[in-house]
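Structure 1 and structure 2 below are two forms of the same protein chain, each written out on its own as structure tokens.
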Structure 1
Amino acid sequence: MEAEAQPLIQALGLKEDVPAKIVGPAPCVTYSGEHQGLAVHVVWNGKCKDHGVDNVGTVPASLSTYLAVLAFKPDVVISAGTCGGFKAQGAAIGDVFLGSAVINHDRRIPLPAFDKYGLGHAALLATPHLQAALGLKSGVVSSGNSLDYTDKCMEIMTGHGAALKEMEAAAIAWACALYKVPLMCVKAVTDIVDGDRPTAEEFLENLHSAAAALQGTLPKVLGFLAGKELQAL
């Protein structure tokens, strides 16, 4: 979402790519610059031309990732954004997590082999030294296309030890895997999934707070990455 991207763009001093690095009709918007010697690009999904709201969910995320990997040929992709967190896995509002793996909780295909395909479990880039250095929490990220969830979604999430619930990481992982680009997830918690649901006003307030937490954390993550081999993370 734009509210997630803008604090990162400002914190890193990035500029919108003009002319565009990814041309229409794809709606995603890209920003580029440098941070501690790293070439950094921020990509967000743009807005829906019919409804005037941010494009969210797995379809825009996979398209943006696919096109961004082709355009920028990155060494690492970082899915940076906000999420719901599970109190049972130690999450609290404002916490920033590193993802350990991704799953889909609403892609249920109860057929032989397709069930595992639907779950889409995939490990993320291991970053134990980064986690220790910045004192971040870590856990499984679960993706779906709805802000709410069904009882079956909850069963899948808790059954696979999900710490975070959001709407894009598993799709980003799929697109990255096509080009064998390692993926990290850096996620800030806006609400507690296994707790009282916030009102719309509370959610939007928490969204801005979580985006600010990302603004403070992501430059530190990039600083740790600078000059290191992947196995040193």
Structure 2
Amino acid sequence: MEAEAQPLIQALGLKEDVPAKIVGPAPCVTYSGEHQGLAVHVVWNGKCKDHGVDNVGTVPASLSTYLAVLAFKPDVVISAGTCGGFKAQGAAIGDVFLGSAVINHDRRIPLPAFDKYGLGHAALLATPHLQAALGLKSGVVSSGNSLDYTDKCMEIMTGHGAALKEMEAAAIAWACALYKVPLMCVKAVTDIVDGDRPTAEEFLENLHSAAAALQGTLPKVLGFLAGKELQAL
């Protein structure tokens, strides 16, 4: 969402790409600049022209990722944003996590082989040194197209040890895998999935503080990446 991207764009002094690096009708908007010698591109999914709200979920995420990887040819992609966190996995509001793997909790296809395809478990780039250096928590990221969840979604998330719930990472992982580009997830917790507060209320209350926590961490992540081989992360 724009509210998640803007603090980082400002903190890094990135400029909107004009003329656009990704041309319409794809709705994504890109910003570029430099940080500690790294070329950095921030991509957000733009707004829905019919509803006037930010595009969210797996469909815009995979489209933006596919086009952005094609346009920018990155060494690594970072899915950065907010998420719900499971207190049973040690998550608290405002925590910033690194993802260890992604799954989908709302792609249930009970047919031979399609069941595993639907779950779409995929490991993310291993970053143990980064995690230790920045003192971040780590866990499995579970993606789906709803802010809420069904009992079945919850069963899948807990059954696979999900620590984080959001709406994009597994789709971004799929598009990155097509191009064999490594993916990291850096996610700030806005709400507690296994808590007792209504998600939407808790999310709106904490969106800006979580985006600020993300903006505090992402430049440090980029600084750690600068000049390193992937294996050193």
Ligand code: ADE
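What you are looking at is a predicted structure, and each value in this text was computed from that prediction instead of being measured. For clarity, a rigid core is taken as the largest C-alpha set superposing within 1.5 Å between two forms. Along the sequence of structure 1, residues get numbers from 1 upward. Shifts are known only where both forms have a C-alpha.
Matching the description of the form predicted together with adenine is structure 2; structure 1 comes from elsewhere.
Once the cores line up, the CA of P198 ends up 2 angstroms or more apart between structure 1 and structure 2. Shifted region between structure 1 and structure 2 (3+ consecutive residues, every CA moving 2 Å or more on the core fit): 197-203 alone.
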